[in-house]
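Next up is one chain by itself, shown in structure tokens, the form predicted alone.
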């Protein structure tokens, strides 16, 4: 324990002094054990105040310091930096909040005085047990890994690459551009989505600072801001990007035809394929699940036997030669390699951006909508493909019987704004529903369109005008229903009977040819898995949780990992691009070439003599900073990875884990003095 403690009290102008007797508080503090002197200043956080603090500490040479002022959240760092400049260890200083915790919320002056005395007494007792801690610095990696090559991921990748950063862009699909690349037009100005995105996609593919890893998934991540190590599983595509020119000669000879899931099963494809016309990179992949060469049950058995050493490599290769080679024989550039194998790649990066996009709520969860049972009921994404020139009908608005619909119903808020499913508004459904109405009228001017909605959500400077223009259409009717939207669909011969409640007229029934559902935007399927790999939090809806809704919309609970686009929540293309740019900006400011990063000082530590090796702390550590020394059977903390969150300290059943600057002795000393 120290025998020389200096106490500084800030009156904060009149913020504190109006409700606390500063002179009385100074007199009380001077009588506490180990307090050598007490000084009062009107505004310690000001330049004059910081200069006073520096000069006085050099003059008095205390062993420990207590500052009674405002919230540590506001100025603890300010005072630590001031003390560090004069080579006074900033961890031998304790701050007391007598403004937000005492002067402001406690109107009774006598109660405020007693509370302030208790807090000061606690701080003086605590600081006596504090130990000097030294800051450490390490070099940082300024490369960036981005998960997801949709609009947000591509925007971030290009901004970072143009700033001279190396970018690893990881995409699970064989193509980039996300869902937007498969749209025809986008609201509100009805621009061609492909025309808008293609220059960006082309630049991403050819930028020297971007390594594009398609058909890839992130498997594991360890590390921290400036020093992440990422393992990536790159699946075999069996087609060389360097040799293939995308001529398509390999498609027709393939004897296998299956439904194209990237076209929502509305079209067919071969076992070697490009998901849709215009997909980039324009290089096909082989679908192992359906290719005769790889899907053969006998081949699976043979491969397993070879891997177990039951047959020789020559025997395995002889068996493989019996399988289909039609695509390879058709390729004029020898681009197909059946021997390509899955790889596990390792990349190092200083920051990570998660831009994994979204899925749609599955309308089959609402049986009365008939999705999956009534042939002409489609989701919005399925309808996007029907409208697209690269889609299953070449952009012609056709039903499964190859006829154009005479009437189309568009149902808003499917699964959203409904407590049974998702109670939030996706924010864009009204606008793309209007876009659909506009495009139906453009492609089939005589078709009747029914917009069935509860109310309108059209934020933004251009969107109200878009709504007004669509409302002027001659063949469009708007039917308003209560929330949640209550619609029932039934097959009626070769048409669809639609029943709903119209708030103006009561029950309403329609007979239509086609129904378009506008489901809620929901988190991507792999969101939970990625959150576990990265140790980042999810919101209650399942999207990745931002650091702060207003002040940190692209940050996460893990420093150095950022989120962008619909991975964070439902949004339109404009806001998706903005978040991609914001996440890139955050990384550019956090990771500067040549700048070293400070490590966390208040890390945890393990008493090896008390550790039982139970490994509870290892499973709970959100930063993967704890490992097991198997030889000595004790937990070991990597101080480079540890962020001092205290999770292991709270969970350790033997008390072997302790936290620097938050020891039991320090905390109990503080508690005991407050309770006196």
Partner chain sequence: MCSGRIDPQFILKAFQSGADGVLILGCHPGDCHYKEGNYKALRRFYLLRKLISQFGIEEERLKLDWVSASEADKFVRTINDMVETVKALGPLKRIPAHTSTEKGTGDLQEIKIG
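Numbering follows the first chain given and starts at 1. Since the model is a prediction, treat every value here as computed from it, not as a measurement. Think of the rigid core as the biggest set of C-alphas that the two forms share within 1.5 Å after superposition.
Missing here is the form predicted in complex with its partner chain; even so, the following discussion is about that form.
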query	finding
Selected contact from 30, 58, 610, 650, since only one has a non-hydrogen atom within 4.5 angstroms of its partner chain in the model of the complex	650
Output flag, 357, 381 and 541 jointly within 4.5 Å of its partner chain in the model of the complex, heavy atom basis	no
Distance check, residue 11 to its partner chain in the model of the complex, heavy atom within 4.5 Å	no
Contact of residue 337 with its partner chain in the model of the complex (heavy atom, 4.5 Å)	no
Contact of residue 664 with its partner chain in the model of the complex (heavy atom, 4.5 Å)	yes
In the model of the complex, residue 557 touching its partner chain (heavy atom, 4.5 Å)	yes
Location of its partner chain contact in the model of the complex, chosen stretch of 625 to 633, 642 to 650, 30 to 38, 64 to 72 [non-hydrogen atom, 4.5 Å]	642 to 650
Core-superposed comparison between this form and the one not shown, residue 605 Cα displacement 2 Å or beyond	yes
Residue 102 C-alpha shift between this form and the one not shown of 2 Å or more, rigid core reference	yes
Rigid core superposed: residue 532 CA moves 2 Å or more between this form and the one not shown	no
